[in-house]
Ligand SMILES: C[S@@+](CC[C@H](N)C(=O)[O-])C[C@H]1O[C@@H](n2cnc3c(N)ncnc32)[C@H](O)[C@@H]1O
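The chain below stands alone and is given as structure tokens, in the form predicted alone.
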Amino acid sequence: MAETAGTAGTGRVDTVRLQMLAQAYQRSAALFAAVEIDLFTAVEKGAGSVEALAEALGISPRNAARIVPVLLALGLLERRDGRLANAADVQRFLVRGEPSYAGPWMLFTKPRWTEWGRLAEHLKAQDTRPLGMYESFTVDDARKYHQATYSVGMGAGRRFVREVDLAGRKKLLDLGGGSGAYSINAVQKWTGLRAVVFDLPPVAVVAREFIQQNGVADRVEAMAGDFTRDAFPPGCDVAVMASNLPQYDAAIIAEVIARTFAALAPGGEMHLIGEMLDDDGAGPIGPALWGLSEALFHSTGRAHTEAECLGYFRAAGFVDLTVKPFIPGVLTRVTGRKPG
């Protein structure tokens, strides 16, 4: 839903909302800095005051006193019994050493900071790259990218296997599967299932590392290729394409879904899990921003609505279509079955 104009409770239109939007980058900067200096880890280890934080982090008391009020105002820190404490989500995801630590994911988009500052220039440029940033991807790029996304990807993979029953399925096609998180979780839950991660050659190299790390190399393989044009692996009866929807335009997504339909065994199913807009195109803001970010790489990709995604499935021939929130406001899951 679109944000409404600011009135500051007076009924008169003012600039407050616009100022908050214009200065929102400062909030991101405070979060980035807190993660980078391990501030939340220091709080967990007992630094419960500004002075203790300054000593633990090796920063001046003045700078500690500058950032703490910001983190308190943002709800990232709290005061409990007179001491600083981490908010619940910060404690779970931003304390280094915790199993669910997601610091790299929080910093994932920071390298794009400068280019976001040049957004107006990018919007005036021509969109000529069907694969956007991935056209020049190296193995090192892929490793950095998926080291940052691995923790959140594994969380999404665990959610997927909780929500989707793959009992009786034989082979999963993981389109653009990156680290292989969905495949890894799927074969760990269903011992009779095999999977293939089909991704660009540099990514396939990194996927094999994560697959080996999770001890499932006997049941998950990584196949190098461009799923927008190369032949799909044979023998699959279920497919998933997750968290890469805005990277492509409508023609490419429609073609990939049609080719998936053709490749699946009769009775097979496809799950498209993506950053989808509501049908009115007015949000959620997360999917909208992912679509806008493609302008930074002169990609032809854009955000897609739920209705558009259903249309791609229908045009391909899928039946029994469903649309369900996967992570509300972030990801939506569209599912279809191939008759047979």
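Keep in mind the model is a prediction, meaning the values are calculated, not measured. Numbering starts at 1 and follows the sequence shown.
Not on display, but discussed next: the form predicted in complex with the named molecule.
- Proximity of T260, G268 and P325 to the named molecule in the model of the complex is absent: no residue of the three has a non-hydrogen atom within 4.5 angstroms.
- The closest non-hydrogen atom of H146 lies within 4.5 Å of the named molecule in the model of the complex.
- Interface residue remark: Q188 is not counted as part of the site for the named molecule in the model of the complex, having no heavy atom within 4.5 Å.
- Not displayed here, the named molecule is approached by D226 to within 4.5 Å at the level of heavy atoms in the model of the complex.
- Proximity of F198 to the named molecule in the model of the complex: non-hydrogen atoms within 4.5 Å are present.
- Contact with the named molecule in the model of the complex, defined as any heavy atom within 4.5 Å, is confined among 244-252, 160-168, 83-91, 212-220 to 244-252.
- Checking L76, V205, L131, A102 against the named molecule in the model of the complex, a heavy atom within 4.5 Å turns up for just one residue: L131.
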